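Presented below, as structure tokens, is a lone chain in the form predicted on its own.
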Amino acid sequence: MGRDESRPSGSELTRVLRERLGSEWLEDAGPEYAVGPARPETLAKPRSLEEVRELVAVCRSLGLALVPWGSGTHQHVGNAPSRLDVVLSTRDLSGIVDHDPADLTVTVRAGTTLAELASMLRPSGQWLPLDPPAPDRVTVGGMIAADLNGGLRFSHGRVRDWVLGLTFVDGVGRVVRGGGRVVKNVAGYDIPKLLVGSYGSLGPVVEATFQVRPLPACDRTFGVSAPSLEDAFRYATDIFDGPCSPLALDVLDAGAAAGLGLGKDPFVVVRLGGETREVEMQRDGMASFLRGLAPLEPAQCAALRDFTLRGPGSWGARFAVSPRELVHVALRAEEEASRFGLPLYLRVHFGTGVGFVRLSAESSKEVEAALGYLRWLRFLCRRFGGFCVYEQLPADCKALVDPWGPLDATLELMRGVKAALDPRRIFNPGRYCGGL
């Protein structure tokens, strides 16, 4: 795809790279590393920062396109890269570098999965309060690159709020370190935040330092059905305005609730954490005005967490508006899906302004309706000053719509950052907003 035919391909490219790098951590890439129609020739699995730096420098000198790869769970987001020669797997860059329980900080290599990180922190009674989908597969580097957040953003914010520092290799082959390993840090450019949500377009994250928190003694999730989506939002508003302090507060439409095995009606999910007695008091308080409130099983909590990746429907979009507009947009989204004749699966993080829709569309008529619906949803969100990103689309539909949506004045600024850190466009060329 857009490949320079003068460059070596297949096993020949792997052989050339081995000669240049003198390494055995290179092999021919299998079809599972394809990103849309773009298929790499070589899989690189460096084991150290220096090997990453050497690989990037050689790829730059040969004009090869390189895609950083954690577990590949979110490679479907955005455009397929216009070129792809080498996949840089971070899975052999794993493990904790430093953990200071007293200072509540941890430094971890990028290929560590979130489940592995959680198990390493748990003996110290600490956690990183972020809950992206599929923690058994999603890596630390992937979470940063794709800016993956879950329902905990209601109480604990986003990935960028917990990153104290990180190390990455830019497109010139320079090792860039931003931030630090302590909570109190030096002044200067906040480089780490540039990498959050960059989808590997600025370079591979090799190592990251996070602030962590004490693990709640008790962490429980409850749910209640509602007669309508409007009623579900009313329940959520009552919880939000009440004395409880939820860790997460989500609203599901009837389709999402049914798809997750939570009944046939709209559903409200509230996650509580703290001391056991504190959680019980909050539960009892909510039960006094939410008839039918009941605890969720661990499998139901896991299905809810994984909704954006493994939920019902094969199409997915993420939208964001101001929190005060979220209810209006969600109700309109449900109403308009009926008009388009589409089954809708809707989940919103109440109080944050962020929502997700998933759709099912197989026939050509359904595909046309789904595209029309997503265009309408993006228009509605932009009307309220928000945005809508089409995160999961069939490959042939990406030529018909822009997965990222239009950018205004920020595009030139983003081009400048890309030019400064990756002047030859070797990282994920064409995948990100505006074809960056």
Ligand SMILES: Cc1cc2nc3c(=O)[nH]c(=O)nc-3n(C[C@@H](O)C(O)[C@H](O)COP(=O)(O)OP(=O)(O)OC[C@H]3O[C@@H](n4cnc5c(N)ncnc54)[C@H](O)[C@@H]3O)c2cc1C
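Residue numbers here begin at 1 and follow the sequence given. Given the structure is predicted, the values throughout are model-derived calculations rather than measurements.
Another form exists, predicted in complex with the named molecule; not displayed. Remarks below refer to it.
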Here blocked means 3 or more ligand atoms within 2.4 Å of a backbone or C-beta atom once the named molecule is superposed in from its placement in the predicted complex. Does this form come out open or blocked? blocked
Is there a heavy atom of T90 no more than 4.5 Å from a heavy atom of the named molecule in the predicted complex? yes
Tell me, yes or no, whether Y199 is in contact with the named molecule in the predicted complex, where a contact means a heavy atom of each within 4.5 Å. yes
Please determine whether R318 contacts the named molecule in the predicted complex, using a 4.5 Å cut-off between heavy atoms. no
Is the gap between T73 and the named molecule in the predicted complex 4.5 Å or less for some heavy atom pair? yes
For the named molecule in the predicted complex, the stretch among 256-264, 237-245, 333-341, 131-139 with residues bearing a heavy atom within 4.5 Å is 131-139
Please identify the residue among L304, V86, V205, V357 with any heavy atom within 4.5 Å of the named molecule in the predicted complex. V205
V175, L296, L309, L215: which sits within 4.5 Å of the named molecule in the predicted complex by any heavy atom? L309
Looking at the named molecule in the predicted complex, which residues in 55-70 have at least one heavy atom within 4.5 Å of it? V67, P68, W69, G70
